[in-house]
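A single chain, nothing else alongside it, follows as structure tokens in the form predicted on its own.
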Amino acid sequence: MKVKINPSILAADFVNLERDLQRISESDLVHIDVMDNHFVPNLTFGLQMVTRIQAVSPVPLDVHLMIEDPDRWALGYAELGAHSVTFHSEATEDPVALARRIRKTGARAGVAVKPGTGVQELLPHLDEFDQVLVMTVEPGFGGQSFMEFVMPKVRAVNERRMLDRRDDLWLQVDGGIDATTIAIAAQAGADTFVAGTSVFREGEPNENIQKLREIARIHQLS
């Protein structure tokens, strides 16, 4: 599977956000965490801000909805032109129905699970999704430590997509991804990696992206 590095702008400089978006032009997508201070204890971007980011981003948007009632709001983000819109399985009663609505707009539909949420109920329905996001931290804040105990869920999704021959299904991890933990996640089967601090905080972001991508490629094959 192709390795994809999607930097999280939670770690960017919000005062110079357009500049920092240009500094990650070598990424595959830019990861936008939309939080409503209800589903998670943090408040970030809304539809208006994401629309402006869409207008200036050099790469497509990977929108992650950490919100209550994604059934009401998800289509707005898909319709503005986001490449991928991911919602939490815990926030909707019918993930399949919502994914179908998102797909009708032309966007990729992703479903996310918190560290404490299992994936067994999703596995028979992988053909309804374009991405499965396994959170490797508790959603809500950047800079947390990677939770390796969720790797069995990553392996379970990867095994099922191989059985189903779903080469087009992206398996994403988000939280605490750096040069060490990306190797662990890649070996478990992840191919799409959200990285914030390890991209933005030291050195040149585009160089950091390339280093992370190469580490993941090596460990996918190991």
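Because the structure is predicted, anything quoted here is derived from the model rather than measured. From 1 onward, residues are counted along the sequence shown.
Here the subject shifts to the form predicted in complex with a small molecule, a form of this protein not shown in this document.
Chemist: Heavy atoms within 4.5 Å of the small molecule in the predicted complex: which stretch among 167-175, 154-162, 184-192, 46-54?
Modeler: That would be 167-175.
Chemist: The small molecule isn't shown here, but in the predicted complex which of 135, 102, 82, 132 has a heavy atom within 4.5 Å of it?
Modeler: Filtering the options by heavy-atom distance leaves 135.
Chemist: Spell out, yes or no, whether the shortest heavy atom distance between residue 61 and the small molecule in the predicted complex is within 4.5 Å.
Modeler: Heavy-atom contact with the small molecule at 4.5 Å: absent for residue 61.
Chemist: Is residue 143 part of the interface with the small molecule in the predicted complex - any heavy atom within 4.5 Å?
Modeler: Yes, contact at 4.5 Å.
Chemist: Quick one: does residue 139 come within 4.5 Å of the small molecule in the predicted complex, counting heavy atoms only?
Modeler: Contact check for residue 139: yes, within 4.5 Å of the small molecule in the predicted complex.
Chemist: Any of the heavy atoms of residue 37 lying within 4.5 Å of the small molecule in the predicted complex?
Modeler: Judged by the heavy-atom cut-off of 4.5 Å, residue 37 is well away from the small molecule in the predicted complex.
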